[in-house]
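Single chain ahead, by itself, as structure tokens, in the form predicted on its own.
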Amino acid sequence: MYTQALLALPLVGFVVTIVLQGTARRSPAILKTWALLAFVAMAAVATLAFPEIGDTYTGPMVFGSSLSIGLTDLSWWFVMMIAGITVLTSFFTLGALRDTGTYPMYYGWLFLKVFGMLGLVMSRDLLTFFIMWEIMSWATYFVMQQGKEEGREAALGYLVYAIVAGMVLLGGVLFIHQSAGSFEFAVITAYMAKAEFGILLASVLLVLVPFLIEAAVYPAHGWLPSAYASSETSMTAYLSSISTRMGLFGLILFVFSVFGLKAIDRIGISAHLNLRTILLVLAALTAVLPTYTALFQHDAKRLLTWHSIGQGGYMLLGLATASTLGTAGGLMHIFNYMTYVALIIFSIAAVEYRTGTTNLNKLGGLIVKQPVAFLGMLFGIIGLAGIPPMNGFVSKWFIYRSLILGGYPFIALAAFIATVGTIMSVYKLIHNTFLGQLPERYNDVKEVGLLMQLPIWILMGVVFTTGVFPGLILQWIAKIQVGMGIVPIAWTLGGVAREAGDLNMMVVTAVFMATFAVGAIIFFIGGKRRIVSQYDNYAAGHFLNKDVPYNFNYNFYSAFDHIFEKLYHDAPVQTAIRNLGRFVRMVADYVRRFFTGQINTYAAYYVAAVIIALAILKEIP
């Protein structure tokens, strides 16, 4: 009952939003309030659906097969993440989305996207999965189109990748159905366990490649930065936090359940060179290369979207180990990243709301004007960098340890190198936004209202609490691992038991708190400080004034730019993508000439098509 209602609510929301469009232009608050109430109801229904885990519900017949949905431990985990971040995003936009006229169908397409994602994770057969995948993909494209011209152009880049992924997945669906004789997951699992190697290989590649594209795994990652960064900022937070992880959900579902890990491990030359090894290498490249590309971004949103790719590499690293610690780390990192990237981008959105820009070269010193946004970003970047006591440290610790114990020292080294790049880039982010010299044009800037502050405070609490008490999350991850055929992690409230690594985040946090306490005592018993204006200062004997930009802000890390520019400007993959884009544009410009807009031309086309069709049919015996 609740499972079916969970799908019905966003679909009803989409229809009602269309009906309310006329009213919304006169009174945007009506549409915003409706969306928030509908998403809160959806989250409540998702919670109530918990007892229905394990049940399957059959829907209408399509192509002779019944569509079916149901909840598993894994799907309920994703349902709750989707519902939670949707509610927070909707609440944040109550204050952040000033002009719904600029984003006329923002909530409508968001409802449809949520419908697609929920249907995707609750699918219990291959046909339902594909239909929901396409609904999700097209809704994502229309969501990205809302807003400025830049967003509409970037959405086309996503659409190209989405169409390619969809067509490949369709080929996989048809091939598997032709081979196994059914769309049902259980039948496919039984068939793949005994399938010939060629059939297994073709099935796995046709299905996994679209997931890797959706997850923006290197080298199929080029679509993400522009597409996400060009969207409205609260939508950037939403897309970065949960949308891209639908590809990882598909990978988890098919690798560990539909195909099965034993069947997957048959694909390879040896135990050391197989499909999972290839996934580990791709994951390592995904973690390292986009992370260091983020160093040289001068827009806060674009910097975070590159990290959205890099952090997905960590998730895939953990999952590809197929070990207890690794899969726990990968699954937990999906949740952790969702919380702290949304927190960071909400903080960026708060800054943009007051300053009108996300350009890191034009910001600085805003800590005195927007302390809540500063705290939100501080908590978020500590989690992103994988530093205790925030939750990002726990999942990364699991991933590092699983790689070392699993015999992948060079892959582990790549993960460590990626972390160094993460720390460097998030320092740039917070430094250029909040620290140093405050430009005079921001003297009148103030903190955002409570409607926009509340999601920031909530996410700060989640990032910190699940970092200190990771057992709150690990207890559910252990259940998911059982369904994946993985030995469940021996969790404790503070982390993991001694036999699994002996991590107790309550002790780690206590040590950190004690260190901060000692520092605070030294600070307060020291000499009294005197707060002076930023211009009551001098350097090299000269007084500084507003005309002297004495804060090193512009082109941060420019000293490293010449070292890495080949990596992100002239990389073979990027060059190939640009050349492909030029070719597609050239072909499209040529084909466009055939569409003249004249009825006589189209009539001639129709007559020619009929003549050709008759000639062909005549030759067919």
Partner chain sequence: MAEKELTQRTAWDKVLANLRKRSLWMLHYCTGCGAVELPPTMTSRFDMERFGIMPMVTPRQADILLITGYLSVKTLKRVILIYEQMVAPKYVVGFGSCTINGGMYWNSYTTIKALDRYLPVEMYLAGCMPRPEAIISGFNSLIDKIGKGEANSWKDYYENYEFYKKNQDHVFGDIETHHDVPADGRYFGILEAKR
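Because the structure is a prediction, the values reported are computed rather than measured. Positions refer to the first chain, counted from 1.
Although not depicted, the form predicted together with its partner chain is the subject of the following passage.
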{"query": "Residue contact check: Leu450 to its partner chain in the predicted complex, 4.5 Å heavy atom", "finding": "no"}
{"query": "Exercise: Lys446 in contact with its partner chain in the predicted complex, heavy atom 4.5 Å", "finding": "no"}
{"query": "His542, heavy atom within 4.5 angstroms of its partner chain in the predicted complex", "finding": "yes"}
{"query": "4.5 Å heavy atom contact, Arg530 to its partner chain in the predicted complex", "finding": "yes"}
{"query": "Among the candidates Thr357, Asn537, Asn361, Gln475, the residue which, in the predicted complex, approaches its partner chain to within 4.5 Å (heavy atoms)", "finding": "Asn537"}
{"query": "Contact stretch among 256-264, 188-196, 215-223, 522-530 - heavy atom within 4.5 Å of its partner chain in the predicted complex", "finding": "522-530"}
